[in-house]
Structure formats: structure tokens, C-alpha cells
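Next up: a single chain in C-alpha cells, the form predicted alone.
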């Protein structure tokens, strides 16, 4: 069993989508189910409706899964297992106030030391913990030995007990912390492999420590994906527009191209342009680079253009608001100067919009418009052009500038001899 575990606290970013894609691919290759676990126990940060938005995006990108579960539904198990750890003396109640802990952190910082909890409450007598009415958290006792695991991308990794610390598993409100809930949920779902971002590397030994304390012996494989960097070479964040999957879609990048790009970056692949179905056949997790991958919007634009070119004409026309083969063919001509559906829509919309004629061509443009609106139907472009030139009496740029604007909405663009056969049936809607 594999899982993709997003939090409903914000828009899905490309790092999340990449994790979801790789989990899906491995679930298919290993013939194991994939579940979606909405990690919603951080009540203050949850945003209403984000869970449904995440599921909708997974569906849009063709990521198939067996079930959707909510972490909050497992709350009773989180609390029960925390109680079990308390009874077995592998966890303890901590009455240290947030203020006291902040003071200790500040002291460690001033001494230029890494802060570690000092186990101040570990040895409290039983009567003090029973009679104490102060708010308390529950901490897992730090392990007695180093925790080692083999990452499928990064190789062998080892963490000393002090790196893991006696960390909190239940907050004062008795809701689980991320690492505790995650470890329990992976146990309950019988997860066999966890693929996630490398920002979770330090969480892995803590989750292993939780399961070890509960005598859970099944080994879970881990793969931590390198971060994706922005143009400045820094980790992509919410401040980077391109980090948002929603933004990319709104800008006119189609799902197939985004999938192609996210599988391509930082990976050894047999071909540059491919579909998700192609990747299912040859994707190899071991070929993912250990180094961060840099996000290149120019490369994504190229890949997007290639995927748009490969679309059926009618399907492409739907992206620009039609369901017409000729409009799809017209859009493909405009792909020579555009690379997203948003740009294509703007080009096609300009053809059908009311035309704005530059001042120097207004008089001739109005005359030419009248000629074109009354013109008979011409099958061939040259015959149509010759008719318009003769009837308007215009020549040179005084003819061709307004002629192009009336037929395309722009002063520059593709050869009208190429576009005319595809718009000739729409001329009464175009010339206005």
C-alpha cells in the first residue's frame, strides 16, 4: 500500500503533485493500492474546501487511487496508542510551559548550541504527574540507539538519539503532532512505501521510533525526493507563482505537459516528450537525481507546446472555446508563436473581437470593412484578396495593414494565406 498525504492548508504546489505522481506510478508498477490521506488534524490551519480541491486536481491529472481517508478519523487510535506508550513507560507527560521551553531555546541559541529537550519531566514521581492540574503534553522517550534506514534515492541515513530527541506526540489539546499521527496512520493502513519530499527526511527517524516503541516490525521503504528550485536557485515557495498547480493551469499549461515536465526534471528518461501512460512502462525511482531540480518555465512552455500540437484538432479547439476542426487547425498555426492555451485563446479571441484600427488606417479600414462585409464567398485566398483590393481601391500597406487587422485582430501574425482557408466560413462573425 502506498499513500499520498496532503494537508488541506493551502493550494497544491508542484512538489505535492510530483509526490502524488511518483506514488501513483509506483503503485501501478508494484501492483499495490494507493490511498489519499487528508492530513487535517491541524485545525487552525485547515482551509475549508481545500480537501475537495486537492481530490479534484488528482482526478484532473489522472492519478487513480483506491480510497480517500481523513487523518482526523483516526484520532481515537492516536490517543489510544499514546496511552499505551505511557503505560509502557516509553512516553511521559511533560508539564514544561511554552514559556520555559522558549527560554531554554533562547539559551541554547545564545550559546550557539542545537536545542534539545532536557528531559526535565522524564523522571517526575508518579504522584506529581497524577495530581498536577497544569496543561501537559505527551513526549516519546528518545531512543537509546541510533536509527538507521536506507533511502531509495539518498542511500543509507543514520540519526543519533539526540537528533531525534524526546519529541512531543500529543499536544496540550490532546491532538497528535504530525510525526505521531503520520506513524500511526501508516501502521493502520499497512503502508509499504513512502515517497515524499526531502524536507521530511528528519521526520522519518521519529516516525520509525514511534513504530518501534509500539513493537511494529514491518519495514517501510522510504524515498525522499530532492527539492525543486526557482530561478534564483532557492527552494520554490508560495511566493513563486509557478509553484502553484492552480496557477499553472490558469496560465494555460495542460495536465499532460505538467506531468511530462515533473517526471522529466532531475530524472533520466528515454525520451523528452511522453505521456503518463508511457512513463508507467519505464519509470525507475532509482534514476532520480540526488541533486535538487531547477524549475525552468521556458522548458515547460516548450513541452506544453509539443503536447498541444499532438492534440486532435477538435480537442484543441475546445481549449479555445470551440468544438470545430478548422479552429483547432487554426490554433495549431498560432502555436508557432504561442505555447499555452491562455495565449491561444487570446489569439483566437482577437480574430472574433471587434477590431480597433490605428488612426492612420481608420478611413481606409472602414471602407475595406464595408467591402469585406458585402463580399461574396471565395474558396481561395488569392481571389478573396484580389477582390477586396479592387473593390476598396486600396494599395500597399494602406490595404494590407487594415486587411490583416480585420481578419486577425493584429497587425502582425501568421501568413493570411494559411489562416484564410480556416476562417473563411466565419467571415461574417470576424469582420466587424
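Numbering follows the first chain given and starts at 1. Fair warning: this is a prediction, and the values are worked out from it, not measured in the lab.
What comes next is about the form predicted in complex with ligand GLU, which does not appear here.
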| query | finding |
| --- | --- |
| In the model of the complex, segment of 157 to 165, 193 to 201, 97 to 105, 338 to 346 with a heavy atom within 4.5 Å of ligand GLU | 193 to 201 |
| Selected contact from 391, 39, 32, 51, since only one has a non-hydrogen atom within 4.5 angstroms of ligand GLU in the model of the complex | 39 |
| Heavy atom within 4.5 Å of ligand GLU in the model of the complex - the one residue of 361, 274, 117, 178 that qualifies | 178 |
| Residue contact check: residue 2 to ligand GLU in the model of the complex, 4.5 Å heavy atom | no |
| Proximity of residue 257 to ligand GLU in the model of the complex, heavy atoms at 4.5 Å | no |
| In the model of the complex, residue 182 touching ligand GLU (heavy atom, 4.5 Å) | yes |
